[in-house]
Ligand SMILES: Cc1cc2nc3c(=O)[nH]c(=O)nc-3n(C[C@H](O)[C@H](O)[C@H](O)COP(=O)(O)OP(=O)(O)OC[C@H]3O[C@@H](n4cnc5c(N)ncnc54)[C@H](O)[C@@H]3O)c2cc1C
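Read the single chain below, which is given as structure tokens and is the form predicted on its own.
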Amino acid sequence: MLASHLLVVLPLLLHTHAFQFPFRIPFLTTQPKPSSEPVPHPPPRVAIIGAGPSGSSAAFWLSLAKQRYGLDDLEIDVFEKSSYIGGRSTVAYPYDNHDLPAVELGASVFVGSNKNLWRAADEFNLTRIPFKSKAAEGFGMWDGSNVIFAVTSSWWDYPKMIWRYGFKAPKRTDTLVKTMIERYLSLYSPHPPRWDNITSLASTLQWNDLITQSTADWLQSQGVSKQFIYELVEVAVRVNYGQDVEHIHALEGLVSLAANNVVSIKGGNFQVFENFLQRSGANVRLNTNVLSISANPSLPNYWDVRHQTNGGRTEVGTYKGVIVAFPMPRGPGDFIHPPPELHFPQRDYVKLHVTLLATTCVSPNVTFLARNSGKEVASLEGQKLPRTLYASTLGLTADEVEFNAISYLTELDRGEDAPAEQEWIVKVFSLREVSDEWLRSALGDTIGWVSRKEWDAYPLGTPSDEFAPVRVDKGLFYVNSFENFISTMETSTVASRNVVDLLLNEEFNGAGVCRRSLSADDRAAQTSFKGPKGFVFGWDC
């Protein structure tokens, strides 16, 4: 039942620098030379712009297709404007000490139904670790002035939840989440759909109502109580997507609740994406800003990618295919020439503030909890306060929501440098920066290290059946269109696999990540293979 499941899973939902590369990164130097002779066709090359989960996995899927189709001449160039691989999947080190365990700063966890990341960890010999936090010892829901509901990992938690929300709401929500997951898993089946626009995929998966209604409206239409929606579901949505149930579409609302078997990669999830690129054999160019994509004036159906190197030099490369793997929330503007004829709806991104800190305070202090409640501090003394707080925003304005979550992650052991008291790593999610004064009010004068990061974390999940195109033009694809549908590390890899499939089919004689023209015997051999988590399209063919 979802009620008891949420008591275990909800604390885990919170956890959705520079480093050295373990491999050599070749640099591109070739530039087209002007000539009066007819321009020969260059070797087949694909450019991928962005080295986050979408771009790195796209390079990996292309490399698998090269092996399966014998496309030995196909070259893959990956451009990334930042200095590292992984995009919003990166880490921080307490006290900037790389000998201490890394703490996820961006995308923090994945789950059992995330079959590409799960399989990648196995294939790349990375260690999955069950995600745990001190929230497992108890958490509370904070309404701006009081803890309105709390659990303490005791036998009494489940009865308290049933008393507050009843049986129907948790059970009904559990059924809805399971139905969504079952349809989602068809994307890994031996014959998954291909899509060149998101609306058609939503129709295939019977999710039209989910993307055109808010989480609050849709769940209420399905018989889920308002209190359950605006408290427990709201907490999950705010922690995962920094939005509320009234403004985010129902599909992402359900995704926020689908948190079975939550894990992360020991040492940082970014290692998955480093491995994607390392094993792809792609030419990776970090600190390289792509300035524009233009149709080549001499070669029909080829694209020129103009980019600026770290040294400030401008270069141009010509490509048979281009995959745009970074967000364009305002559309392509003058980035693509000629401008695409297809419509790009504008979608702003949530600006999320992530604050990591080390403290010897064992839990948020009483003074902080009482300051807006009208209660005397003395009346709260002696209470067992939760180490993790989630914001419940029913009846609050945006300005009144000070944070989305405060969570104690783990103890910190600094060896000889450790203070006398036990230190803890704490993560704060908020929609505006939390000041040092605010932190002191929450945790006292006990903070030894603070790291702040502002992300354009996720697109606003406004209910709509309009999405940016996946296929922008012949040979030109936009993988991040999927983010407005579902925004996770895993779905970035699913979306990139689909884009690579479309590109290969269109530009490389009907090829794909997996061969589509198989004999009955070959197809039976492919689909009968069971990897560690069963058949996963893209890997098992």
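In this text, residue numbers run from 1 along the sequence as written. Predicted, not measured: the structure shown is a model, and the values here were computed from it.
Omitted from view is the form predicted together with the ligand, to which the following refers.
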**Prompt:** Looking in the model of the complex, is the ligand within 4.5 angstroms of a heavy atom from every one of 473, 475 and 503?
**Reply:** no
**Item:** Answer option from 172, 432, 88, 414, heavy atom within 4.5 Å of the ligand in the model of the complex
**Value:** 88
**Fill in**
In this chain shown alone, the residue from 94, 327, 364, 268 with a heavy atom within 4.5 Å of the ligand in the model of the complex is 327
**Request:** Sort through 189 to 197, 73 to 81, 440 to 448, 225 to 233 and report the only stretch with a non-hydrogen atom within 4.5 Å of the ligand in the model of the complex.
**Result:** 73 to 81
**Request:** Check whether residue 458 has any heavy atom within 4.5 Å of a heavy atom of the ligand in the model of the complex, and answer yes or no.
**Result:** yes
**Request:** Could you confirm whether residue 205 comes within 4.5 Å of the ligand in the model of the complex, counting heavy atoms only?
**Result:** no
**Request:** Answer with yes or no whether residue 512 is in contact with the ligand in the model of the complex, where contact means some heavy atom within 4.5 Å.
**Result:** no
**Request:** Find out whether any non-hydrogen atom of residue 489 is located within 4.5 angstroms of the ligand in the model of the complex, and reply yes or no.
**Result:** yes
**Prompt:** Heavy atom within 4.5 Å of the ligand in the model of the complex: which residues of 48 to 63 qualify?
**Reply:** 49, 50, 51, 52, 53, 54, 55
